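Coming up is one lone chain in structure tokens, specifically the form predicted alone.
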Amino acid sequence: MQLSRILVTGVALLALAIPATAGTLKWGASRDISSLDPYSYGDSFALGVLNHAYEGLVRYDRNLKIEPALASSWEIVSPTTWRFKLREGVKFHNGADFTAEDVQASLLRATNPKSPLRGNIPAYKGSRVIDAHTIEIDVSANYPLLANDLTTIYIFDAGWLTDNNAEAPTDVGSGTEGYATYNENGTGPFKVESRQPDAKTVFTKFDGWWDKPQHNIDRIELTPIASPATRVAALLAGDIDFTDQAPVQDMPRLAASPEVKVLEGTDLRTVMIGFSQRDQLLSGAANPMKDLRVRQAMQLAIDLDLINKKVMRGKSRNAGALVAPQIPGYDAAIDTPVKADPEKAKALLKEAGAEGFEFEFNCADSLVNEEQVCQAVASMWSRVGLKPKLDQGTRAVQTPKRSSGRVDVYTLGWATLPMLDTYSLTSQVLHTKEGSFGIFNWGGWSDKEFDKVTEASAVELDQTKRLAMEAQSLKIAKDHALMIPLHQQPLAWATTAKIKDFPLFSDNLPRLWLVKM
């Protein structure tokens, strides 16, 4: 593993040494995408990267409001049917015309029972082509969030899928690959020119894009640079032009450089800790975390203020709720962070007969300072007598374990993307795993009271009532300690001075088609 990381870093640095052409933006990311297939895993970073090549029927604008994309307009024709008029004159990167048949094929692929993205469109019941530029989509009764869902259901060319035997979805978690894993054919502002996994992915401007370009970029070079220190050095040296993961500990240094522009904010993403609710731990021992007192004790052992000060350099926002304040459904009344109380934690563990139990703590590398956060939390648990075994690995290594339920305790960051609504969390993370629900319920939760309220919120068209139901779901989650909220992580981007206009988005997704160099 160590040798592999050294080799990958060496390849990445060699790629940076190649001179850039005019209009080239070099993006130094903290990690790579796992696939060119946007349906292969519901990861917002990968979907954000691939949104430069693929597009949905709708998209978010500069203010994160929904606007038309491949659909020019839409209407709700009945409580269960939406009709979309499609934009005419759109071309795929291979020159094929965009029609309703492409939307139909894409919807069927995204909602396939084996699709990792099916949770992004949970209310889908069916669809039908009306004519070449009209399609109707059937949803669960009174479902109000379809347009939000469709922002990341990117559209494939139906003929391209058929010709390349790619109608079936791929799946990063299970290792299922296909033609779309390594090849691309979208309608977006950029097309993939080349890809070397874990080294460099190159996008070039698509001259046939339907929209009026607001950018002046000819080429994007995405290079994964896992080491924060190496990313900072590359930015200061001008070897990269942009990073969406500027280390918080280096922000003062970057801000002091006349050659660097720092963009800061608070991410929509809430970082949290989840528990297995299966009868046994990975070791085969009985699982004490099924007891509410044990979960509460594990929460009381964590000092959020210390993590904020020492690990996050004061840049994060301590969380008491599982969604950020900007997310519809958020309730300030429950957003009170739990204060650390190690003595009470010890007492609860003793009362539950769970003193000193051993468990695996699964951590990845996709959250801000995730390794340091996990080390700090593990140390705090050790101080109350618990025995966490830290399992730290890359996202590529940890994802299959998580998606198959091979975890005891794990980290999760959730920004409610693409829906930008509390229902994203309640339906995909906390609801019982069944059908399109609970796709990211890695702990095997099943709370019937919670499920009932969540399902009711999905069909409530009165927004005030719906948001009240979502707030109720969040309160149940807090009262039952379904997960431990830690913080909303800092949003820290940095560019070189040659970038003239780079809009910052609180969903932490760069939209380079809006960037001016």
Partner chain sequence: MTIVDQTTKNIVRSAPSRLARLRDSDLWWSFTRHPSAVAAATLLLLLIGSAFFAPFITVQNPYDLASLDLLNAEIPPIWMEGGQWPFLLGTDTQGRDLLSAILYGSRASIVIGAASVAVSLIVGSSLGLVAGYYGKWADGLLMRAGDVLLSMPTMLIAILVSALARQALPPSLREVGASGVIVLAISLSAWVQYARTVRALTMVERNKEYVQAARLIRVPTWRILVKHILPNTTTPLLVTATLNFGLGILIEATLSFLGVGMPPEQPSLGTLIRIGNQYLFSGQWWIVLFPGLQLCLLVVSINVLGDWLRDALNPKLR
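Computed from a prediction, not measured in an experiment: that's the story for all the values here. Numbering follows the first chain given and starts at 1.
There is also a form predicted together with its partner chain; it is not shown, and the following applies to it.
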Output flag, 360, 372 and 375 jointly within 4.5 Å of its partner chain in the predicted bound form, heavy atom basis: yes
Position in contact with its partner chain when the complex is considered in the predicted bound form, options 274, 328, 144, 388, heavy atoms within 4.5 Å: 388
Single option in 286, 256, 229, 77 placed near its partner chain in the predicted bound form, where near means a heavy atom within 4.5 Å: 229
Partner contact for residue 348 in the predicted bound form: its partner chain, 4.5 angstroms, heavy atom: no
Partner contact for residue 313 in the predicted bound form: its partner chain, 4.5 angstroms, heavy atom: yes
Touches its partner chain in the predicted bound form: residue 249 (any heavy atom, 4.5 Å): yes
4.5 Å heavy atom contact, residue 192 and its partner chain in the predicted bound form: no
Per-stretch contact check against its partner chain in the predicted bound form, the hit in 229 to 237, 158 to 166, 82 to 90, 331 to 339 (non-hydrogen atom, 4.5 angstroms): 229 to 237
